[in-house]
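Single chain ahead, written as structure tokens, the form predicted on its own.
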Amino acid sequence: MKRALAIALLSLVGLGFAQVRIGVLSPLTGAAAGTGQAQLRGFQLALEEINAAGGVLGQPLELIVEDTRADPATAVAAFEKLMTEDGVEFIAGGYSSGVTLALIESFRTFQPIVSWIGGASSGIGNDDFDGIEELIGQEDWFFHVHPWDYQNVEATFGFLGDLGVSSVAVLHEDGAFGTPGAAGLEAGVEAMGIDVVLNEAFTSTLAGGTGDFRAALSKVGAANPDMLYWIGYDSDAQPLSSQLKELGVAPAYVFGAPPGWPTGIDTAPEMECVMGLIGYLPNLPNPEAVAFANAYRAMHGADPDNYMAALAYAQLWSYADAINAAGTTDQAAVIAQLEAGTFRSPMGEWRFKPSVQAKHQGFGSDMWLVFQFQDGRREIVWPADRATAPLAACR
């Protein structure tokens, strides 16, 4: 599988020695495969465009793609292969806070440039937990593209303030992603004067959970909140929503916060009216989003339905532009260009800047949109200046 992927990607860039090789870590199989495949399709589109524009340092850019299966041990083995067998100097991809935390010691050992589009768990505001931003955010070689967890909930607070809910029930996966995220969410909404009537943990299907959320959802029903807010992974979305309908638990609003949404879920009847955060949708009207959507459809024959495709596209272009601007693969020179550059993305221009503790943070809370599943598609319902439809009342 891995060899086949590498061969397929090489076929996109033509034959010949590739001077610059970038190692990609993505969950191409397993419970997070939808998000990993979306990342891969974003990388493929960027790779084709980069090489059509002359490549990197005058030669075709090469990607070596490794499947992490969103499994910590598999990811560590894949990263160490990229370092010891493939000899790559740059790492891209990324998914899951648990996987990222497992990789940190290996990152420190080899210290390539790591540009990372997963792993939102910062650890900021949680005295009992050392997060990714706290552990490696100060490293010169680490560049974090995806917003941190506190930037995710900051966007949510703006939406909740406009929505005017008075009570929220929180369900969250019990790992490094959901537990600190739920703590930050609870503290923030309570500071807004919103009652948190339930805070319940579950084991995600990604981490071996059964996918039976009925006991937790029954507690939601008993608490009768205005909103159910859940934090979990892609594979939790459909069973949780189905069981919500099955039990007749019907808060006025259901808000999900997984890192990505499964491909094809838009038309599932149980998803109607469910809301969530997303960084990119193909109906965004800005010219960069329209151009990305058209090019993606031409290459892949479908709409980009997972914002990780857009982040992967942005990440690879930032590497290509920075290395070309540096004129060399020397690490210090490329880091300087990543720090100084302004890069393209379907969401508009972006750059790395400091966050609470990290030296190099890409997108922040302003990347996020709130969407709602309406009639088999995702409509942007917040912020108002980018909305494609009004929020639908579902109860």
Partner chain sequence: MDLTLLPQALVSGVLAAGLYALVAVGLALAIGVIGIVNFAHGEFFMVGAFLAYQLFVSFGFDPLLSILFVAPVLFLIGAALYASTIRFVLKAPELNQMLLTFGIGIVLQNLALMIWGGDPRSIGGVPYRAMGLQVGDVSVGLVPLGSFAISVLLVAGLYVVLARTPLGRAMRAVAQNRVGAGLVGLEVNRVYLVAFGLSALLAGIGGVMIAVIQSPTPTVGLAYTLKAFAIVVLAGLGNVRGIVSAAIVVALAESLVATLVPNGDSLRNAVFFALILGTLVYRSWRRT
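Just so you know, these numbers come straight off a predicted model, no measurement behind them. Residue numbers count along the first chain shown, from 1.
Missing here is the form predicted in complex with its partner chain; even so, the following discussion is about that form.
- Partner contacts here mean any heavy atom within 4.5 Å of its partner chain in the predicted bound form, and among 57-65, 34-42, 365-373, 325-333 they occur only in 34-42.
- Think of it this way: in the predicted bound form, its partner chain has a heavy atom of just one of Asn152, Thr74, Gln238, Asn126 within 4.5 Å, and the residue is Gln238.
- Listed residues Ser106, Ser167, Gln138, Thr203 were compared with its partner chain in the predicted bound form; Thr203 is the one with a heavy atom within 4.5 Å.
- In the predicted bound form, its partner chain sits within 4.5 Å of a heavy atom belonging to Gln243.
- Among heavy atoms of Gly211, some come within 4.5 Å of its partner chain in the predicted bound form.
- When contacts are judged by a 4.5 Å heavy atom cut-off, Gly30 counts as touching its partner chain in the predicted bound form.
- Using a 4.5 Å cutoff between non-hydrogen atoms, Glu133 does not count as a contact of its partner chain in the predicted bound form.
- Contacts with its partner chain in the predicted bound form, taken as any heavy atom within 4.5 Å, map within 239-272 to Pro239, Ser242, Gln243, Lys245, Glu246, Leu247, Gly248, Pro262, Thr263, Gly264, Ile265, Thr267, Ala268, Pro269, Glu270.
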